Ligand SMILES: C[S@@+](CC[C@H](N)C(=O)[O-])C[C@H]1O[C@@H](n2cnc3c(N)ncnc32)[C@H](O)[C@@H]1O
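First comes one chain, alone, set out as structure tokens in the form predicted alone.
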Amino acid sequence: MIEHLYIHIPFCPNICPYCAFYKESAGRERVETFLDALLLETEHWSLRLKPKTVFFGGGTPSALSISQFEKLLGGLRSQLDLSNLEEWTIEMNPATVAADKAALLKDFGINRISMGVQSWDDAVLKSLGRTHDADKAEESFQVLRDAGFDNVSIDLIFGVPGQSLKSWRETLERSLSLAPEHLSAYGLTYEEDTEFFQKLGRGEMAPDEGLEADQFELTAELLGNAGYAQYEVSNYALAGQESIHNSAYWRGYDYIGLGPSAFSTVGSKRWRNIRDTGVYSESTMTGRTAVDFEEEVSDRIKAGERAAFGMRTNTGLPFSESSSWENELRKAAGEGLVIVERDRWLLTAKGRLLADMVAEIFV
């Protein structure tokens, strides 16, 4: 049985200029048709799924209305065996958090929230195209606490043009003052098909790699001093609060992705659903495939992916799985990027800063 399920909710009330995930604006009829298709796709996989984790990503899953959530969550509960479920996460935009919606999610069994605060600096939020301000984000965090959520992650972005080291420190400190169980801190990337990528190409934006390195190092220092373990390059958690779902990805476990643009990997097969909500919904509802891309993944490629992700985590890469890259790893050790600890390779502080470069060893 497959234990990990990702569901992509593509609708967003606002399209952020840095986001490269598949998303689109919502219309009531379009959402209802999508939900029908999603539940039909779920039914197709129901006999092979017994989820340990479920993750709603987007898009902005929390943009769904109360009635739409009732339809979706009720349908999933009727179709899936959730007796082994340990972690059910939903991504939420602070602008879409409300007490009645939070209570509904809790009642249906969602037990983990990943809230995209991104910054506590209103000027930075504006540059990121976010529709909330810092006060709304803090209010939303409290709404989630009042609803009984005791596993909340705050997502942040550093490396934003115009974001000073002081601003980033204040964002980290305000996040810590709320005592979330988990924090994710991602460096801004300029992805194709985004407004920021176009601005980068026109010379209107430019990364400051030195400042980004300082922000990254400050993150590790402040969060580490506050008791948060850096269990993956961009992710920090209190003891026992690591994301089970994301850890399953990093370890190369099988998972199913439902909804437009969602990827799945099962055994040696990998596929992606259609990146168009209307076409996805029509194809699914008429009994045709929702898949628009599939490939065979060799054992060597899967081993390389597990190694690359493993090196990003605090469990590292065991010697028993590293023999194919031993020469490259020894060279990286000579450059101060990796170290040997007991029976495995681990990134150094410098290596965590250059984790993407280390990952190239395994590609």
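What you see is a predicted model, and the numbers here were worked out from it, not measured in a lab. Throughout, we count residues from 1 along the sequence that is shown.
This next part talks about the form predicted together with this ligand, which is not shown.
In plain terms, the part of the chain that comes close to this ligand in the predicted complex, with a heavy atom within 4.5 Å, is 114-122 out of 250-258, 276-284, 114-122, 162-170.
This ligand in the predicted complex comes within 4.5 Å of a heavy atom belonging to residue 58. Contact check for residue 182: every heavy atom lies farther than 4.5 Å from this ligand in the predicted complex. In the predicted complex, none of the heavy atoms of residue 245 sits within 4.5 Å of a heavy atom of this ligand. Interface residue remark: residue 157 is counted as part of the site for this ligand in the predicted complex, having a heavy atom within 4.5 Å.
In terms of contact with this ligand in the predicted complex, the residue from 292, 208, 91, 195 that brings a heavy atom within 4.5 Å is 91. Scanning 183-198 for heavy atoms within 4.5 Å of this ligand in the predicted complex gives 186, 187, 188, 189, 191 in sequence order.
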